[in-house]
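Only one chain is included here, represented as C-alpha cells and corresponding to the form predicted alone.
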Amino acid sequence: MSTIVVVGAGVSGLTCALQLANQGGNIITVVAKHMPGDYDAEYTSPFAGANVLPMALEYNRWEGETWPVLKALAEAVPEAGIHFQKSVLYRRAKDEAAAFAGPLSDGLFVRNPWFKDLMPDYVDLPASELPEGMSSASSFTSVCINTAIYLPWLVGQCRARGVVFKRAVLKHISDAEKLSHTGRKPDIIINATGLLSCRLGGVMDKKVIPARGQVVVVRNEAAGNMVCTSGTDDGNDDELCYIMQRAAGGGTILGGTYMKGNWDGVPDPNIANRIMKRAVEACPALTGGKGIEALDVIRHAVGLRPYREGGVRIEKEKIDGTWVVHNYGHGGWGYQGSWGCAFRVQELVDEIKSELKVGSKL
C-alpha cells in the first residue's frame, strides 16, 4: 500500500483523489485550506459555470478523456449534478478577422475544430440564424455542472473509498509530509493547489497568475441553451459573454471576465451591469423580453482562475527527498479537463511506485 497526500480540494485535487482511490492500493489523505462549501476567490472551483467547451487548438487528451466520463455521469448518475445542454458558439466577424486574439485566444471558436468529432450533434448554423454582428455559429450537445452538488459528490465518492479529509494551511509543499492521517510520511504528494502554486514554498511557480472571472448568478432560466460569444462590443477586451444553466436548480450563470493578473476578489458593479445587459440581449428568454431589472439575482461572485503561462503542469518532481506529482495551471478548463489530467497523474504515480519498488530491492 502506498501512502499519498493530495494537497488541494478543488475539482483537480478531488478528481485525482477519487481516481487514485478507484485504482486501489493507496491510502489517501486530502489536505486543503478550502473545502467544498467554502466561498473564497482563491478557491476557484465553486465559482465555475461549469461546462464543457473544448479550448485546445488540437486534440488534447485532458479534454478528450474527460468528456466521456462527464457524459456518462450526466446519463446515469443524477446525484452528481450534471445535465446535458445544447451549447451555441457565436463568432463575431471582427474576432474572426483578428484570429480570435481576445481573452479566449484558443481553439474554442475556430471553424472546423477538432472537437466536432468529440461533442455530439455538432453542426454549423445557417446564416439565417445569426444575430447581427456575428459571422458564423456552431452548436453541439454539452453538459453543465452544478458545482454545489458535484464537488460534494466527489467528496462523498472519496469518503466511500476510505479517503480522509483534513484542513490545513501549508507554507511549503513539504509540510504535507506530516499531514497523512496515518501518521506516516507519505510516499507521494499530489500538488493540486491551483492558483496558490505561485506562493507555495518548494513550488513558487511564477508562471501561475490569476485570471479573474466575475459572474452573476440568477434564478431566471436560459431557455435550454448555453450561449457563448467570441467577444463583446461594450466592454474591455478581457470581458466575455456566456450563459449557462446549472443542473438541479443551481441557477443560471451569466458571465463574464478573463482578467489575467487581476487579484481583485470584489465584484465590480459596472462590470456586473454589462454582464447582465449582454445576457438579456443574447438570450431575451431570460427575462421574457424585459430588461435587466427583471433578472432575479442570487449573488454576484468573483473567482480567480489558476492560469499558467505555457499551459498546465502535470509532471513528477522530487522535493526534499519526497516524490511530488504536480497538477495545476488549468485556467478556465479545470472541470472539462479534470478526469484526463487525473488519469495522467495516476500514470505518474504508477511510475513512482515502480521506482520505489525497485529501489527497495536494491
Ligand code: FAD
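Just count from 1 along the sequence shown to find any residue number. Predicted, not measured: the structure shown is a model, and the values here were computed from it.
What follows is about the form predicted together with flavin-adenine dinucleotide, which we do not show.
Taking a 4.5 Å heavy atom cutoff to flavin-adenine dinucleotide in the predicted bound form, the contact residue among K316, H34, R313, H300 is H34.
The stretch among 217-225, 125-133, 193-201, 153-161 whose residues place heavy atoms within 4.5 Å of flavin-adenine dinucleotide in the predicted bound form is 193-201. Although the partner is absent here, A9 is a contact residue: one of its heavy atoms lies within 4.5 angstroms of flavin-adenine dinucleotide in the predicted bound form. Heavy atoms of N60 never reach within 4.5 Å of flavin-adenine dinucleotide in the predicted bound form, leaving it off the interface.
At a distance threshold of 4.5 angstroms between non-hydrogen atoms, L170 is in contact with flavin-adenine dinucleotide in the predicted bound form. flavin-adenine dinucleotide is not drawn, but in the predicted bound form it has a heavy atom within 4.5 Å of N51. Shown without its partner, the chain has Y242, M244 in segment 236-253 as residues with a non-hydrogen atom within 4.5 angstroms of flavin-adenine dinucleotide in the predicted bound form.
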